[in-house]
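So this first bit is one chain, no partners, the form predicted alone, shown in C-alpha cells.
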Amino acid sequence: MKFSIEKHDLQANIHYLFNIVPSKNTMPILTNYLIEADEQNNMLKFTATDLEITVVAEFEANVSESGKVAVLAKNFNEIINTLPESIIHLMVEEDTLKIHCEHSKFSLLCADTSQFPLIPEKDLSNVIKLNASMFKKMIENTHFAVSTELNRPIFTGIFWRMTSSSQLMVATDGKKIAEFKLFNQVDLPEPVEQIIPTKGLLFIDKVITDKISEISVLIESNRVMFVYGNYTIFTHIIEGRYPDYTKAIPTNNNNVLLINTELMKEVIKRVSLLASEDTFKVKFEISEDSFAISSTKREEGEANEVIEDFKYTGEALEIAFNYRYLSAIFNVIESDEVEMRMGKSNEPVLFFNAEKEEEYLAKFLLMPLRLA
C-alpha cells in the first residue's frame, strides 16, 4: 500500500473518527483504524468500530499502490496532528506503516487486518432521504436527556419514530424528558420506530454541515445505516420497548413563566456557584409580583438573585431544580424567551420555545427536587 495526501484533507476526514474507537476493550484490534487504499479509484477508506457502531470514511487521495493495513488509531492521530502542513506520504513495508512528511519520519507497527471485524455492505437501493439539518436539530434537542446508567440500556439511547407525516425523537433518564417532533412528509410505506445508541447519533451530529442537505437512511431489523457525504455509519439498535413517557407529561400546568432565555442562563450560572455539590439545588420563589432564585452550600454560604424582568401568571410558588439539568434545557431553547409551565412544587415542569415554529415542536420536561 502506498499513497499521499495533504495533511488538511486527511485531518478533515478522520477528525471525528477517533470518537468511535473504544478506549478500553477486550479486543485489541478495535483500538485500530482499518485503512484501505484503492489505486484504481484513487480512494482511501478509514474504518473504526466498537462492534455496536461502525463508521467508514471514504475520500480521495493520490494512491499509487492498493492495499490494506490496521494501525493503532491513537498513535496515528497524534502523529498526523503534529506533522507540518504539507503532503504526507504513507507506505507499508512488511508489517510497518511508514509515515513521511517533509523532514519527519515515523514507523508504526501494523496489526493483523484479518482480525478486524467484518464491515457491513453499503446498500443504497432502498434508502430514505431526510433533511440533514433538521435531523441534526432533532439530535441536538434530545441527546442531553439520555441516561448514563448502563444497567438501563433502553434509556441510554434515543427513541426515533418515523411516519409518512412526521418524525419524533425522544430521550429520557427518568428525571428529564426531551421530545422533538418534526412535521414533514417522508416517503415511507409504513411507520418505523427504533431505539438508536446515542454514540452513533452524536457522530452524525458532528459531521453534518450546511454543504450537504440530505442524509440517507436504511432501517433494518437489527441495525440502521446512515450515509452522509463521505461517511457511512452502521449502528446496532437497542432491543426492548421504549416506555410510555407521555404518562409523565402533565396537562394542567397553569402557572406560566415567560422570561428571557439568556437572562435565565446567566442567573443560573451565578446562583449555582453556591449550590450544594450533593443536590445541585437552586430554588425559585415566584409570584406575579416577584421572582428570586437562590442556592445554599452548607458551611460555605448562599446566593440570591432577584429578577425584575419577567411575566408570570398563576399561584405563588416555591420550587427547586437540579441546576445542571436546568442549564441543559436552557441551552437548547432557541427562542429569545423560554416558556415554563408549572403545577405544584412537586410536579413536573414543562419548557417550550416561546416563539413557536410551524415546522417542529420541541418540548422538555424536568422533575423538580424536594424543597426540604
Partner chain sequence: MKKADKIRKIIHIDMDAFFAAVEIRDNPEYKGKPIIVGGLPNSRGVVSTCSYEARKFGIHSAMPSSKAYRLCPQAIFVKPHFEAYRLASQQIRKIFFEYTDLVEPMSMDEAYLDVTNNKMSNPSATKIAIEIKQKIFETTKLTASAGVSYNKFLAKIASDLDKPDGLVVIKPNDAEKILEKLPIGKFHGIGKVSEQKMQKIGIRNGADLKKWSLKDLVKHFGKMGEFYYYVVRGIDNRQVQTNWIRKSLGHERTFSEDISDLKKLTEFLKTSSLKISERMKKEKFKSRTLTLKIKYDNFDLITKSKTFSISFDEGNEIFNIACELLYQSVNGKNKIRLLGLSVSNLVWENDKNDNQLILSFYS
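What you see is a predicted model, and the numbers here were worked out from it, not measured in a lab. Residue numbers count along the first chain shown, from 1.
Here the subject shifts to the form predicted together with its partner chain, a form of this protein not shown in this document.
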Given the stretches 187-195, 217-225, 123-131, 173-181, which is the single one in contact with its partner chain in the predicted complex, using a heavy atom cutoff of 4.5 Å?
173-181
Contact residue in the predicted complex, chosen from 155, 284, 234, 160 - any heavy atom within 4.5 Å of its partner chain
155
Using heavy atoms only and a 4.5 Å cut-off, determine which of 149, 300, 78, 266 is in contact with its partner chain in the predicted complex.
149
Quick one: does residue 325 come within 4.5 Å of its partner chain in the predicted complex, counting heavy atoms only?
yes
When the contact criterion is heavy atoms within 4.5 Å, does residue 8 count as touching its partner chain in the predicted complex?
no
Please tell me whether any heavy atom belonging to residue 248 falls inside 4.5 Å of a heavy atom of its partner chain, as the geometry stands in the predicted complex.
yes
Tell me, yes or no, whether residue 346 is in contact with its partner chain in the predicted complex, where a contact means a heavy atom of each within 4.5 Å.
yes
Thinking of 28, 51 and 96 as the candidate spot, does its partner chain come within 4.5 Å of a heavy atom on all of them in the predicted complex?
no
